[in-house]
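Only one chain is shown below, in structure tokens, and it's the form predicted alone.
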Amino acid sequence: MNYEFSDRLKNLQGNAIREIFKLLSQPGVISFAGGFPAKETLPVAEIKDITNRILDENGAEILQYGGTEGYYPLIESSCEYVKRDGIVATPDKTLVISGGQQGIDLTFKAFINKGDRILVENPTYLACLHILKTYEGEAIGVDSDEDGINIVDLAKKLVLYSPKILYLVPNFSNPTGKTLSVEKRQAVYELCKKHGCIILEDNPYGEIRFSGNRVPAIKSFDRDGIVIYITSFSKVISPGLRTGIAVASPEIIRKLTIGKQAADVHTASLSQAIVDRYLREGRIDPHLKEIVPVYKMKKDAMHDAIGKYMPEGIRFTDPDGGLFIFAEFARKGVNTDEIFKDVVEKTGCAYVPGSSFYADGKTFNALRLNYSNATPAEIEKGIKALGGYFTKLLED
């Protein structure tokens, strides 16, 4: 049958990572592609204990429909939680969302019309670009420095394109792992305020810090209601709970809530109650003390292996936290999109091609590597295999 799909979806390709997963079904493949937390960091026993107690104490209410704004105890505990980033939140400024990615979707649903432009750091989170396309908006890339988005280029493109939104992942960004300095955060805020541009601040990785000092959120500078702050509990508790929060002005929160009503009615009440109890019982910080060293060990293993096995001329990041290392070949002739399937077949390893993270999709000499979901032995074996492949490719 010749289906007549909507204009917004008929030419849209799938999320690159989800498409890559289809190639990883063969046994023995080492995946550096996804952003999965390490299985050993998921607090299974704690979640089981909390869930049993919640259901024993208040099971019928928790299993019933809830308000779109969220489970009120979680709203309260979330307002306390974001204080660690310097954010002053109140219930009327807070919305519980089904993972951080829903926060991006609801923001674009609320603000983006066909043809509207947003600015993103080049490279940026690929799901942001994918979601924007579903609302028929246009992403404009802004140059990036070692410490994040280039302020001069940002100022120029705010004038040139009059964007509605600037999307940023300021802490250990996906895909590069870079962190935006406090000076740049203040500059970003002032520029966007001057030009009437909303800032969508995405912070999924901020608690996974290995080194350096904590930096306050851009939202902590917000006195004018121009910043939408989203974070999730996927990396610090469990991605399967699909629970996060958005903090913004009451006017924006009301619009996001209306958009959420049409999407999923409300985030799963049981998941919300579990996260609330986890926060109230003071489990987050002890859990972070256990899991952050695990991720640091894996990051160090991958960083060392890249330096040891990858060919000369490759540039790669050394993040202070998060889950990713981004690598670029000096030679533009290395097309990580074209060779991807061949790489998987010959090395048994997978990555995400760098083009997926650029606004124009035209940077082909880069790749994103995730270290969180592989063992140190797999990291050593996989990077060695990739290094051998790329070394031979550059020699031919």
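Residue positions are given as counts along the sequence shown, with the first one as 1. Predicted model only: the values in this text are computed from it and were never measured.
Heads up, the form predicted in complex with a small molecule isn't pictured, but that's what we're talking about next.
Residues 99, 204 and 232 are flagged as a possible site; in the predicted complex, is every one of them within 4.5 Å of the small molecule by some non-hydrogen atom? Yes, because 99, 204 and 232 each have a heavy atom that approaches the small molecule to within 4.5 Å in the predicted complex.
At 4.5 Å between heavy atoms, only one of the stretches 282 to 290, 211 to 219, 169 to 177, 258 to 266 reaches the small molecule in the predicted complex; which one is it? Single hit among the candidates: 169 to 177.
Evaluate residue 130 for contact with the small molecule in the predicted complex, applying a 4.5 angstroms cut-off between non-hydrogen atoms, and reply yes or no. Taking the distances in the predicted complex, the answer for residue 130 is no, it never comes within 4.5 Å of the small molecule.
Counting only non-hydrogen atoms and a 4.5 angstroms cut-off, does residue 125 reach the small molecule in the predicted complex? Yes - in the predicted complex, heavy atoms of residue 125 and the small molecule come within 4.5 Å of each other.
Is there a heavy atom of residue 242 lying 4.5 Å or less from a heavy atom of the small molecule in the predicted complex? Within the cut-off, so yes.
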